[in-house]
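As structure tokens, the next two blocks hold two forms of the same chain, structure 1 and structure 2.
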Structure 1
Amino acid sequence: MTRPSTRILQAAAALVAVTFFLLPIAYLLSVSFKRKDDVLSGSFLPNDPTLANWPGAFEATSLATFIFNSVVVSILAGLVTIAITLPAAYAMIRLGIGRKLLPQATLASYIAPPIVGLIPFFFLLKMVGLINTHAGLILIYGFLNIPVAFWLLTPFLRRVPVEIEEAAALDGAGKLRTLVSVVAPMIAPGIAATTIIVVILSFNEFLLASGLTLSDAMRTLTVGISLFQGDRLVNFGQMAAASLAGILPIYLIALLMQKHLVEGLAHGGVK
């Protein structure tokens, strides 16, 4: 059906695209094995590979603490988001609460750029004593990602046949029981995809974390890395190793869950 010349053209285009998307990560990996003077050689591969940058990155900064903070904050924030959004989205679809208001309010909240929240959140967290704490960041991220989760979850919830829920109701299950033990398991892939996406959003966030954490003990990875690169003694090899160490947890999740992720993105974003 397709001419061979078209096939070759397509393969070439795909190769260019894949190279472009893999190159920065591959270069980061290569630089992480380069010695200090080798970094400036301008060659792609290290001339004299060394492993020293990896432990060096962990010694030069509190990298392990940063990674720990990011993982804890993003996972708990993800759970907060889902715990709030799933019942609300379900109630909107099945009980008709806020059918007009909720989509509009969540969209409006998503459009507002995060800089809008930076100063107000700073004063709010200071007032309630949660500035520079995990709990403060968890609540802010957990709340901020609700619009995304709302838009990702609703299409999945809509596809659950109402008959199944009616059958559960006949068996005497309350609405909450039905949601937890009938509906949630049915849309588990959608919930998984949504959770991963909001966890990644929190993990990657930088602007708010830079204003709401004040000490090394509380800093998240993105803030830690940004400080690392601001230091006067820039060691590119260590910086690359530190960046990769920080990306690794996310990539592992992404690769393990790639099927759910693609599906979640594909069904949620565009409706």
Structure 2
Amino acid sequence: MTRPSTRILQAAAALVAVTFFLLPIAYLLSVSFKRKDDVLSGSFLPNDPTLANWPGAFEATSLATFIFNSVVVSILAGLVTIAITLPAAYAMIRLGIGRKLLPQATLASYIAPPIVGLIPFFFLLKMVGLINTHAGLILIYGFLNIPVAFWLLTPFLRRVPVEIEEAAALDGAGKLRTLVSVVAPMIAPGIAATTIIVVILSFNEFLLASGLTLSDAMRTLTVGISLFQGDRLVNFGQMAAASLAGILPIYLIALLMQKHLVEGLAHGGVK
């Protein structure tokens, strides 16, 4: 039975953790209601609240387009990542293809800083006519997050009993059909959790998006928010409003999929 003192300590630790994560969001929300001179005062709450920053953020830049681009690019890139990684990880575990080199190779490719790939990606996309397009950014993010998806999906695939796949083979199912019809449904929580994580990674990426998109029609949210940075003056209020409006879609996705995310990560950690 848990002692009262232990419960108090657990509640205090939980309160500190929740405060740590919510405080930046709360301050951002406060700044979004501050006037320009009020932001420089350093106070936490606005002295003279205003709603002008919210419509101003959408009027100053193509914020709605940036948010739409981020949502579309990150979701499609996540699907590309899973479509490539799932059969690749399955082939490594069940068929032994690249078993010795693939884990280390995927990890090594992810260690390199993204700036290293910016110039090669730029010229590769320019050669195939995909620079400054959604398709180009989707392909780059889709391939870039393969190492993350590979390391997240591998534990789920290893836990699928071989006997079930052998029974499917006796019924005449090939490897691809076994993967799609038998294995994938069994590790659905892991696939969902992995997809959510790679979608969030793509949604938050800035460096490559800033180098591979050249017009407002193609820019993503992270690049769009940086446009509020002027040469001499930064409109912190509009930037805060744009940031909150921009993170709302990804927060809603994470909130709606929270059950699958927690369930998937918890199952992946069980050996």
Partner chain sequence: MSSIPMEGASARPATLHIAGRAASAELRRWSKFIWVAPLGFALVITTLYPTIFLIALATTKSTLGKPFRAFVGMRQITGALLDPAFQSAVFKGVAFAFASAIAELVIGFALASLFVALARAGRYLLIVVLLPLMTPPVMVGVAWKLILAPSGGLLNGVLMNWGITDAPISFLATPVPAWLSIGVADLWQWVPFVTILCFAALVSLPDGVREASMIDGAGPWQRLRHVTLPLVAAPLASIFLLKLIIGFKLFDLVYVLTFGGPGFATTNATFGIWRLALEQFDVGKAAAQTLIYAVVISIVTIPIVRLHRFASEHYS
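C-alpha atoms forming the largest set that superposes within 1.5 Å between two forms make up the rigid core. By convention here, residues take numbers in order along the sequence of structure 1, the first being 1. Keep in mind that this is a model prediction, so the values were computed, not measured.
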Between structure 1 and structure 2, the form predicted together with its partner chain: 1
Once the two forms are fit on the core, has residue 219 moved its CA by at least 2 Å between structure 1 and structure 2? no
Relative to the superposed rigid core, does residue 248 relocate between structure 1 and structure 2 - that is, does its Cα move 2 Å or more? no
Do you see a C-alpha shift of 2 Å or more at residue 23 between structure 1 and structure 2, with the core held fixed? no
After superposition on the rigid core, what is the displacement of the C-alpha atom of residue 9 between structure 1 and structure 2, in Å? 4.9
Shift in angstrom of the residue 34 C-alpha between structure 1 and structure 2, rigid core held fixed, comes out at 3.3
